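Form predicted on its own, single chain, as structure tokens, below.
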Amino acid sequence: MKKAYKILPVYTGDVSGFASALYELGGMLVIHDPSGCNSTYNTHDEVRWYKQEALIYISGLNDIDAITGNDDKFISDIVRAAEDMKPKFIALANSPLPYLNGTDFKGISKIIEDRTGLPCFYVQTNAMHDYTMGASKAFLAFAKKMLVHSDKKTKGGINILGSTPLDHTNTKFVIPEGRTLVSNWAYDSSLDEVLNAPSAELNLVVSSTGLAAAEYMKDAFDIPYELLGDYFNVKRERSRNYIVGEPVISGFTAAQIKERYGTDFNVIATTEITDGLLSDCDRKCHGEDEIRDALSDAEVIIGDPLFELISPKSAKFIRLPHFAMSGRLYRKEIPDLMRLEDYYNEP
């Protein structure tokens, strides 16, 4: 039970990450899942639901369909809905049951594409991973299916990759001098803007969910990428000060603090995607016991308020709520991550 959680909740799941990543892009998102689960993806894990419509559907999978593998009903329901709603594309994802049954989603996607004439792609989810995996796979699948090479380049053009409300509460990122925003993947953006992404000259990855798409675009369109924390040319050393959470955002925060105050913070990465995102002084921890052990000698901790429940009482705790961890509990406290002074100050 090394990775069990007894006090902390788990992060938002991969299916919600899929829905959040593609929410604003005009596609029809279909989750093969039992009826009733739509509220989880659309309301509990989504801050835009009450002010911005999206075509997110649940298949209404029942026992008989699951046991017999009734793909015809699933396909015909999607085709009929697409005829009525006229989406720009169709994206499929799934809950654990179709995953365990071995449903051929790639084959289903091909059939739906042939019948509707719309681009259709599958994002492999199974509700057994966190939101970073679902959003990352969604961005990558969208890029592979929808983007085409552009000979025309936007001078100084930059794409923001990995922006969803699960990680970021606003869409106002600090754009490097001389750069022009081409697209924001995919918060406060549009399908046309995102489809124009291959014309950019640089990708800026603002969370781990954008890394896979950035690597794909580097190979496919020769667009280099940088991480959000690369703004600061600092080297962090080992310390007993920790930032707990998603590695790109936590690394950016640690770099800001080092650049402004000269104080070292180490990242305790608690989401799944970490390869290539951590410095030597940082640590990956998956599971409540691992996180507790990593924080046992802490002097200062920055993280979602729920992490205080497993932090040593002797440590100073600075609250930095993360929607993917605590949801709406502390939503009003979530600061602008670009403004360090809103949540961290040193005398």
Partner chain sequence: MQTTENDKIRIADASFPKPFTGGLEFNAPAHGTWNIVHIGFKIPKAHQIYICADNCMRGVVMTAAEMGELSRFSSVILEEDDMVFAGRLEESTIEGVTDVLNSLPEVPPVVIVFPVCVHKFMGCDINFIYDELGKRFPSVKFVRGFMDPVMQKRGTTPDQRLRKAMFDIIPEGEKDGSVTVIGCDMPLGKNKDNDIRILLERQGVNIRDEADCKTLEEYYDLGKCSSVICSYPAGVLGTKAFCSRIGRPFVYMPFTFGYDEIDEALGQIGAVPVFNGRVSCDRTAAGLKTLLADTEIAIDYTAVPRPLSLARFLISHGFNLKRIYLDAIDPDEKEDFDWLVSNAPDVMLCATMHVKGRRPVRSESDRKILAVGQKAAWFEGTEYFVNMIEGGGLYGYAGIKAFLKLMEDAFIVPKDTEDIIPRKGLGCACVL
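Numbering follows the first chain given and starts at 1. Not measured: the values here are computed from a predicted model.
Only in words, not in the display: the form predicted together with its partner chain, which the text now covers.
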Inset, instruction - Considering only heavy atoms, tell me if V10 and its partner chain come within 4.5 Å of each other in the predicted bound form. - result: yes
Inset, instruction - Give a yes or no for P34: in the predicted bound form, does one of its heavy atoms lie within 4.5 Å of a heavy atom belonging to its partner chain? - result: yes
Legend entry - Close approach of V30 to its partner chain in the predicted bound form, 4.5 Å, heavy atom: yes
Inset, instruction - May I ask you to state whether D280 is within 4.5 Å of its partner chain in the predicted bound form, using heavy atom distances? - result: no
Inset, instruction - Establish, in the predicted bound form, whether K51, A54 and R328 all lie within 4.5 Å of its partner chain, using non-hydrogen atoms for the distance. - result: yes
Legend entry - Candidate from K153, K218, R80, R115 lying within 4.5 Å of its partner chain in the predicted bound form - any heavy atom: R80
Inset, instruction - Would you mind picking the one in L202, A127, L191, I111 that has a heavy atom within 4.5 Å of its partner chain in the predicted bound form? - result: A127
Legend entry - Members of 84 to 113 lying within 4.5 angstroms of its partner chain, judged by heavy atom, in the predicted bound form: D84, M85, P96, L97, Y99, L100
